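Starting off, we have a lone chain in the form predicted alone, written out as structure tokens.
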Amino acid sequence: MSDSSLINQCPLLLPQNKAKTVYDGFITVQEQDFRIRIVLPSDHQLKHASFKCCWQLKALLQARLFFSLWCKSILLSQEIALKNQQAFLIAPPPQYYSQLIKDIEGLGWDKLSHISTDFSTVRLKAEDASGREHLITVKLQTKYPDEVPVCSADLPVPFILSWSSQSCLKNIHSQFLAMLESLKQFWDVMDEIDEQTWVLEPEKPTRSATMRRIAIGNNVSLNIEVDPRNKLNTNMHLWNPDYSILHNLKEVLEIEFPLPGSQETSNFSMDCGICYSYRLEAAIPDQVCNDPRCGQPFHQTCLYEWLRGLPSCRQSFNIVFGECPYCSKVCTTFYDYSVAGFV
């Protein structure tokens, strides 16, 4: 800052010597006048000057300096982020937009729930046979339809998309409808539970939730896990009390139980995912993760100690809730009061 600009900005600040290295007078900050004395070095650089003023003015100047530096840092970070975005984000070619509009028209605008402002993400809606509405989010690549889109939906099982360069949004929607149809019975069961029972957890179950904790009575609740891929419900009519339990299990589950010695014992003896051993004294891993996609086995004692050590651990009566150490989904176990010496 030159001498003339300093005087123009602060007309009440006047030089005190011929070299104009000492200024004394008043400056206005926030509509208040403050006395200040400025001593400049021989090169007249203001950044190396020394200031003498009251403590109120020092506090105001420090606050304004901090705010100025903060604004500069914010603007600099935004500028860097914008440059990085421009460097790595390649705009789609014109045919991308024309193809996308064509695909939406072929699918039907009534099936479009949302589209992002940059036309990179669309959300499609569909109804299953029971009238439930479902959404699927489709993240399109810049080389659409040559590149496979990324799809996500609130489903209890993974949605695996079959895609080719000739595919379009209509193919995604039809595959999504087929997935909804395969899960119809599962959601019918879950909706019946939600409507006819008092569900304690989760409080607001999503379509992907397979677990329900149901109130039974005073201080009593039942925790159930429904496998959407299980055919048990459709085969329950095959249970015949005139036959043995083993025969009925084979009929209902549609499986053949392995005979002794027909397979290696190691195929069934999975180690505990916490202590990494099969036997813990006389116990074997008899607890598994609630998420069927994980299914990691644990010793009941190991899982209980693990869940109790988590900051997010919750306990309802003798049921302990926490996160699985492998998939971070909800995992539960029980606390055996009889082992602890309680009656």
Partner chain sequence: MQRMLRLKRELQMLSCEPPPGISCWQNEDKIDQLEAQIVGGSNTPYEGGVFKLEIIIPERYPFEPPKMRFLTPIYHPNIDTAGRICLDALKLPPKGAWKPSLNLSTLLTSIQLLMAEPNPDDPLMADISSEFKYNKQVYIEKAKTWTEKHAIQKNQGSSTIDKEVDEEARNGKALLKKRVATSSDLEKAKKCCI
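Numbering follows the first chain given and starts at 1. Not measured: the values here are computed from a predicted model.
Beyond what is shown, the protein has a form predicted in complex with its partner chain; the following relates to that form.
Of the residues given (I27, V288, L40, C302), C302 alone sits with a heavy atom within 4.5 Å of its partner chain in the model of the complex. The partner is absent here; in the model of the complex, the one residue of P92, P228, P145, G273 having a heavy atom within 4.5 Å of its partner chain is G273. Interface residue remark: Q16 is not counted as part of the site for its partner chain in the model of the complex, having no heavy atom within 4.5 Å. Taking non-hydrogen atoms only, Y326 approaches its partner chain to within 4.5 angstroms in the model of the complex. At the 4.5 Å threshold, heavy atoms of E281 reach its partner chain in the model of the complex. In the model of the complex, none of the heavy atoms of Q56 sits within 4.5 Å of a heavy atom of its partner chain. Three-residue candidate spot F176, P202 and S208; no residue lies within 4.5 angstroms of its partner chain in the model of the complex by any non-hydrogen atom.
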